[in-house]
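The chain below stands alone and is given in structure tokens; this is the form predicted alone.
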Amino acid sequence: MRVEQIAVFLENKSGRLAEITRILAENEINIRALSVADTADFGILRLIVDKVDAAKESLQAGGFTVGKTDVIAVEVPDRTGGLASVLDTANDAQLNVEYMYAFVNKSGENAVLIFRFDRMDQAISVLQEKGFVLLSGEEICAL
């Protein structure tokens, strides 16, 4: 089960992140998860939002370079070892994690781990076979 994510390339300068969140807010787009990675010159903002196409269009209209990629959302209990269990399974299957980030809806319940693997279809199969719960984009937005 794949989840659509948008990736926004932005200059590493003051106010750019605020501008993105303002554009999304003005278009009534809800951010459910995000990750920011940066270098000295630019950053990549990865977002899971409730209206993927509208987010992409509104940010492009605002002058941002935006792409869509698929990721996998894995729900695990929010306790010690939750992430390790997924990573051990990926390692056993020789899957490479290109990047990941996480969020917790309510502490002590479940965490959602967002992954981009080098072999997405195999990752989905392996994780499902091992009994992990994979969430859809709609399920993430409903949390």
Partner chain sequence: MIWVEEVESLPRPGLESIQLKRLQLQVQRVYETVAPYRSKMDAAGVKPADIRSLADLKYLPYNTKDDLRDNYPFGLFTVPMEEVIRVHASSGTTGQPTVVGYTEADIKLWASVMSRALAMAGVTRGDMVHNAYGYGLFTGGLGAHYGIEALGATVIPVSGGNSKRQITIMRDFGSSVLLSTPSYALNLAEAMADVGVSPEELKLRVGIHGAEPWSESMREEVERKLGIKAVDIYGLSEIIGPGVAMECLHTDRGMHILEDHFLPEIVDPDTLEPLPYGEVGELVFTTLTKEAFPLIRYRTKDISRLIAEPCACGRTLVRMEKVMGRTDDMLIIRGVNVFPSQLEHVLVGIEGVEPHYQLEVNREGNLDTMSVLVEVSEHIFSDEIRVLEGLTKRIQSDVKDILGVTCKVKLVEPRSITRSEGKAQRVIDNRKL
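Since the model is a prediction, treat every value here as computed from it, not as a measurement. Positions refer to the first chain, counted from 1.
The same protein also has a form predicted in complex with its partner chain, omitted here; what follows describes it.
- Contact check at 4.5 Å (heavy atoms) against its partner chain in the predicted bound form: all three of Ala7, Lys13 and Ile44 pass.
- Although the partner is absent from this view, Thr69 contacts its partner chain in the predicted bound form, with a non-hydrogen atom inside 4.5 angstroms.
- Contact annotation for Gly63: at least one heavy atom lies within 4.5 Å of its partner chain in the predicted bound form.
- Contact check for Thr80: every heavy atom lies farther than 4.5 Å from its partner chain in the predicted bound form.
- By the criterion of a heavy atom within 4.5 Å, Asn91 is excluded from the residues contacting its partner chain in the predicted bound form.
- Among the residues Glu28, Asp53, Glu98, Glu109, the one placing a heavy atom within 4.5 Å of its partner chain in the predicted bound form is Glu98.
- Residues Ala37, Asp38, Thr39, Asp41 are the ones in 27-41 with at least one heavy atom within 4.5 Å of its partner chain in the predicted bound form, listed in sequence order.
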